[in-house]
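First comes one chain, alone, set out as structure tokens in the form predicted on its own.
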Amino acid sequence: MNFDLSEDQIALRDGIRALVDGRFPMSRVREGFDRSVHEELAAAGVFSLRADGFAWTDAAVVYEELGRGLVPGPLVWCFGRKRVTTGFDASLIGATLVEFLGLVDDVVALSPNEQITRVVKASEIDAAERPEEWPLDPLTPVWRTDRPIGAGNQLDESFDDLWNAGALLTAAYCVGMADRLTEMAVAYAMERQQFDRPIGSFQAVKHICADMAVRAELARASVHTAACVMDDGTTGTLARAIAGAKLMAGEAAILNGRSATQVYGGMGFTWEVDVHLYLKRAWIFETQFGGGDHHADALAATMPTRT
């Protein structure tokens, strides 16, 4: 496979990057998600890419840019939908915590055990925001409900289609985070002085930054592979490609977040530095559409056995 972006994909990438840089600076990102974020992205065609004739490879490019900018909101769940939507894995959390509930129209419930998907109107879910329960990601508010959500309606999308699309786009977002964390760590290492030298001149810091760059590139190749298979099933095994992409991209985002924190030293833990926000979002995404252990097992299951 040739993973070089086409001229059209480069233009798409640059256009989305310009949109993110211009409309979603970190000062706005830190304010969190509101309806205007969804409206601006929807107007730019982010959520209607497939309906507008774009391929999954194009969607991966777009969501990587959203990850670089740490754009907040239930962006993966909104893909392909006209209404603002969030969702959750019912088998993991028992329908007790729902992200962005007070800010969306619909909630999609995935049930991997039953292999079904259903949608419930957010207004029909009896839940309350719990500000005293500080969420892991401060830009991802959660609502708690102690009652089962309504039965809702069965979605037209099959469980596999929704799961694969969600895993791919989440992985692409993670690649963007991993890449941006590398850039941030390298820039800080060149700026921060110790013993009258940039800390980036020390071998240990060079190794950290080099490992970050390699992880991001390997994850990007894995995500692009999965996107190619999504577009053309004859190019590979979809289950293996999706599992590999989510596994490698999730690991890259988390490990690069930790590595960037290490490069920044004590500053990496402070509220003023953006690194911790990327790491916390990576931890959140680790739980969505299957975590690392799930996809490692799924990947292993696709491997041929020796007799």
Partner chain sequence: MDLRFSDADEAFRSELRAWLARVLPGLAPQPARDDWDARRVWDTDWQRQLFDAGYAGLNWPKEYGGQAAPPSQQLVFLEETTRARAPYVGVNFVGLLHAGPTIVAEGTPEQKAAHLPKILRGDEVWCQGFSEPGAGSDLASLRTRAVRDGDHYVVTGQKIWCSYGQIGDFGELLVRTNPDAPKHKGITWLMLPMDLPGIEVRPLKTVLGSSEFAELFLDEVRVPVDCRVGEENDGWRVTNVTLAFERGTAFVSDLVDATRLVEDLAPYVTDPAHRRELGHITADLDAIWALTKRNVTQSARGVVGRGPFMIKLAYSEVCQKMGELALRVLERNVLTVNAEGPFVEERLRSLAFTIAAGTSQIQRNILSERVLGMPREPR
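Numbering follows the first chain given and starts at 1. Please read these numbers as outputs of a predicted model, since none were measured by experiment.
Unshown form predicted together with its partner chain; subsequent notes refer to it.
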Checklist entry - residue 260: heavy atom within 4.5 Å of its partner chain in the model of the complex? => result no
Checklist entry - Hey, in the model of the complex, does residue 96 get a heavy atom within 4.5 angstroms of its partner chain? => result no
Next on the checklist: Would you classify residue 136 as touching its partner chain in the model of the complex, given a 4.5 Å non-hydrogen atom cut-off?
Outcome noted: no
Checklist entry - Any of the heavy atoms of residue 287 lying within 4.5 Å of its partner chain in the model of the complex? => result no
Checklist entry - Based on heavy atom distances of at most 4.5 Å to its partner chain in the model of the complex, which listed stretch, 46-54, 33-41, 240-248, 271-279, is the contact stretch? => result 240-248
Item to check | Non-hydrogen atom within 4.5 Å of its partner chain in the model of the complex for each of 210, 213 and 296 | outcome: yes
